[in-house]
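This document starts with one chain, in the form predicted on its own, laid out as structure tokens.
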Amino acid sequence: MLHSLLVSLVILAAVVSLVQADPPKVVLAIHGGTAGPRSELSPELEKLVRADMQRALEAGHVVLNKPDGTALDAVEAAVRVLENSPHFNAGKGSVFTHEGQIEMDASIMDGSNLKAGAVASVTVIKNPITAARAVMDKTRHVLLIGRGAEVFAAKAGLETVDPAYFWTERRWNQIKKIWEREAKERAEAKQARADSAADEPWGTVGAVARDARGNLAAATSTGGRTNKMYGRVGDSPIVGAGTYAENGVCAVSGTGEGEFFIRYAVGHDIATLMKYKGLSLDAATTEVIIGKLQPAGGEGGVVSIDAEGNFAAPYNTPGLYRGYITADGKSKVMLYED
């Protein structure tokens, strides 16, 4: 009798252990960009970053809890919070180009119908992700750039601001440091470019979500790369590169060296591996970020969820600012930790 009881308890403990080990079913995940060495993040800035990421998760979760809340609305709401923070490279916290200007990109995608909208090289739109949503909802186009995108946004009633709104001391000091170094190292242009890229991680922000109806959506927004050439556009506004969502498959938002994400069609490649090779979300994202990008020299990572709410966020940089929230409101924010 005692032996049978002990056996039953062991089996019960094993079952409980397995249940507890099951990964949480995620309804919303976000990222705040890749991160450089842990030593470069001060405790004070880390606290602010974590707090803003938590607010973004909660903003998206509130939307998903509404009777008519959609994944599309949720990712837009989450990204807007990150765009309004000076602690990420998007919206208010965008980095400066080589000319000392702000040029922002963003895109959003609806997995239920594969519709998408994007803007690139905008300078006065307060929330580029909302402009990207307007392009998707109010035009027959996918991508608008520069002045055309700004005129469209103004006519659509979106908030525009003076470019001075985007000025932050932290970003200004970064570009000044690069200018000073380039003046001294003009003859070593190749090394100077490498050093410039190493100074600032690709702090793009993004979100992916799954709503109660099973619809998936993804959104990404960025200020680009510090010291980028005038008019340079990365992967964030490129559907299939930095942003992709398809119902029944996955939703992906990327951050990293945009040129590689474009060349390797990262978002779409992950979905393709799942759709046609039957790979799991974890296997597909790892294959692309670690198996393909890293050997090619491309740095970055993604946040992603699949149709069942599984979450994956592989990265090949020292850290990735990321977080997720479940249907019952349980959330987790991670920077360097697993």
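All values reported here derive from a predicted model rather than from experimental measurement. One-based numbering along the sequence shown.
Quick note: we don't show the form predicted together with another copy of the chain, though the next part is all about it.
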Notebook entry, point to check: Which of these stretches, 114 to 122, 89 to 97, 76 to 84, 157 to 165, has heavy atoms within 4.5 Å of another copy of the chain in the predicted bound form?
Noted result: 114 to 122
Item checked: Leu273, Leu41, Val49, Ala307 - the one with a heavy atom within 4.5 Å of another copy of the chain in the predicted bound form -> Leu273
Note to self: Using a 4.5 Å heavy atom cut-off, which residue among Met109, Val252, Ala71, Ile129 comes into contact with another copy of the chain in the predicted bound form?
What the structure shows: Met109
Next item on the list: Would you check whether another copy of the chain, in the predicted bound form, lies within 4.5 angstroms of a non-hydrogen atom from each of Arg55, Gln294 and Val303?
Entry: no
Note to self: I'd like to know whether Ala149 contacts another copy of the chain in the predicted bound form, with contact meaning heavy atoms within 4.5 angstroms.
What the structure shows: yes
Check: Thr139: heavy atom within 4.5 Å of another copy of the chain in the predicted bound form?
Finding: yes
Next item on the list: Report yes if any heavy atom of Ile102 sits within 4.5 Å of a heavy atom of another copy of the chain in the predicted bound form; otherwise report no.
Entry: no
Notebook entry, point to check: At the 4.5 Å heavy atom threshold, is Arg170 in contact with another copy of the chain in the predicted bound form?
Noted result: no
Margin query: Within 4.5 Å of another copy of the chain in the predicted bound form, counting any non-hydrogen atom, which residues from 231 to 262 show up?
Written below: Gly231, Arg232, Val233, Ile238, Val239, Tyr244, Glu257, Glu259, Ile262
